[in-house]
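A single chain comes next, written as structure tokens; it is the form predicted alone.
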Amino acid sequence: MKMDILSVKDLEKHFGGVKAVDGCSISIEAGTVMGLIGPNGAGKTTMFNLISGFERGIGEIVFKGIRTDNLSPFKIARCGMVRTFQIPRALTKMTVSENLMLAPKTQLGERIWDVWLRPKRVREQEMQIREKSRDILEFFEISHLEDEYAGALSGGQKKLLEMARAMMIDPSMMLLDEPFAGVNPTLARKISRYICELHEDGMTFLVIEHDIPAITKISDRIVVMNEGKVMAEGEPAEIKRRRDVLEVYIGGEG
């Protein structure tokens, strides 16, 4: 029996008098893909921000047995949960390779005394990190871009760069914010394949997406949010049959 890697209980976030997230509870089993869908303004991105530490709210968030609802984003990432953004946040004046090589934690070269006293070990670790970055770039099929400035990449390539950078810290869970948005169909299929391959290797995912066919194809379970609340949860085939979900998306009697 799989254990829950993430548990969210009674999560709330208010912006003035508006409840963006209103008492939401979800749990995600390790090694599964959970889709998070809902109309615009449903509270999906706020939920992501709360789980990843970019917003503070009320409620309990437990990741791999650790309370993370009061941790900063970088500490949550060090626990093994990383996220991407709907609009990628690449370091545009650095190369693709440099973006990846910044990600690993506890690099010896960050400490000046190690640079002076252990230069050989610093160089060895840097070579290991560079090799790892090349392997990851090859997995995402963008190794030919390693010396390009991140700012020169297309929107889709920046999404791949964000996923590649996240992989540099060996996460056990990734939160993807609309990975298929704004990319061409060919790249969308590639991103879907990358997610499925990482999933097969044991990675856990929570994915926000508006492309319903795409998210139902890759998800084990789907959570539907509306007006800040969780209104439905189940397997993709079950969610697609629910009349209330159809009404939220297309109105009327669906």
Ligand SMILES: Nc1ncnc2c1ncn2[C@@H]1O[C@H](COP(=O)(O)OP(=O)(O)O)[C@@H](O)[C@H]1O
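None of the values given here were measured: they were computed from a predicted structure. Residue positions are given as counts along the sequence shown, with the first one as 1.
Quick note: we don't show the form predicted together with the ligand, though the next part is all about it.
**Student:** Please state whether all three residues 50, 53 and 74 have a non-hydrogen atom within 4.5 angstroms of the ligand in the predicted complex.
**Tutor:** No residue of the spot touches the ligand in the predicted complex.
**Student:** Give a yes or no for residue 70: in the predicted complex, does one of its heavy atoms lie within 4.5 Å of a heavy atom belonging to the ligand?
**Tutor:** No, residue 70 sits far enough from the ligand in the predicted complex that none of its heavy atoms falls within 4.5 Å.
**Student:** Using heavy atoms and a 4.5 Å limit, would one call residue 31 a contact residue for the ligand in the predicted complex?
**Tutor:** Flag for residue 31 set to no.
**Student:** Do residue 219 and the ligand come within 4.5 Å of each other in the predicted complex, heavy atoms counted?
**Tutor:** Because no heavy atom of residue 219 falls inside 4.5 Å of the ligand in the predicted complex, the answer is no.
**Student:** Is there a non-hydrogen atom of residue 186 within 4.5 angstroms of a non-hydrogen atom of the ligand in the predicted complex?
**Tutor:** Residue-level check for residue 186: no, no contact with the ligand.
**Student:** Quick one: find which of 61 to 69, 190 to 198, 211 to 219, 34 to 42 has residues within 4.5 Å of the ligand in the predicted complex by heavy atom distance.
**Tutor:** That would be 34 to 42.
**Student:** Among 245, 20, 11, 230, which has any heavy atom within 4.5 Å of the ligand in the predicted complex?
**Tutor:** Only one option qualifies, and that one is 20.
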